[in-house]
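What follows is a single chain, given as structure tokens, in the form predicted alone.
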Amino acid sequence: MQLETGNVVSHDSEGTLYRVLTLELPNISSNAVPGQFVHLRVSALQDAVLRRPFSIYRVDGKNLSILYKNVGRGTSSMCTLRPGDAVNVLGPLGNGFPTAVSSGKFPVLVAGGYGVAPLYFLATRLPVKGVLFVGGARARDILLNDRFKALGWNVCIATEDGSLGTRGRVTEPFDAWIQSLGGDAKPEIFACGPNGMLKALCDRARQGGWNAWISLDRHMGCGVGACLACIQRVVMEGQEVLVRVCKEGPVFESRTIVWEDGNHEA
């Protein structure tokens, strides 16, 4: 973990609702692992005590990029950043995805909305190309599919309104793909998105006997495990315990996660 101040290299639109902020952060970039995140201090918010957490979307040498949506005071202030502006960043934080695939397994990435960001970073590091299933409410919520294709990944898209790809939730094309493989399906799943999607994938992984690595989305006040705002119940060594998503996560193996209904994927 480093505290580093970096200059804005570029700040570009990604579709109609999202932006990509690239910062020169040589120390953080050199230590970043897919699935980790950074905490940014938004200098325009003088009254804001807490930093804002963002998944790491891309690392290119000494530059690090995040993908974000303008949804509140913090991100609205970030939209004003220009090349050359200085930004204070804490990171990399948390534990990320494994960057290897188990022997004989096929990598499958599943993303909801801009949960696709850390999975793109992962796709650049995995030694085996696989398939990405990405879902959103509408076409404008589908991001980076061309970038994944350029890396050599197959991309399957689902939108709830049917404006792009399959109509429905992202689990529908995933289920159809699994069924098309018959008994030969040997996926290793890496997922990031809303809780409902993640739990559905955990259920499928349990039923299929597959490994699944799940990036949980929780409110992270401090990012370093001190404020206890992101507590999650998991199973470790046969016992249910409380862990901090920002510190022990955000990535967990699916069988360890205890969901709100009291069931875990053991």
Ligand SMILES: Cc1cc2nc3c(=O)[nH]c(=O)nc-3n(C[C@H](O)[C@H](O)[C@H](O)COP(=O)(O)OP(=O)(O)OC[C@H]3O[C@@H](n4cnc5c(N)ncnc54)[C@H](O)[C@@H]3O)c2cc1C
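Treat the numbers as computed from the prediction; the structure is a model and nothing was measured. Sequential numbering from 1, following the sequence displayed.
Omitted from view is the form predicted in complex with the ligand, to which the following refers.
Partner contact region in the predicted complex: 73-81, out of 167-175, 104-112, 152-160, 73-81, criterion any non-hydrogen atom within 4.5 Å of the ligand. A single residue from the set R58, R206, R218, K199 has any heavy atom within 4.5 angstroms of the ligand in the predicted complex; that residue is R218. The three residues P34, Y120 and F133 each lack any heavy atom within 4.5 Å of the ligand in the predicted complex. R41 falls outside the set of residues with a heavy atom inside 4.5 Å of the ligand in the predicted complex. For the chain shown alone, K69 is a contact residue for the ligand in the predicted complex, at least one non-hydrogen atom being within 4.5 angstroms.
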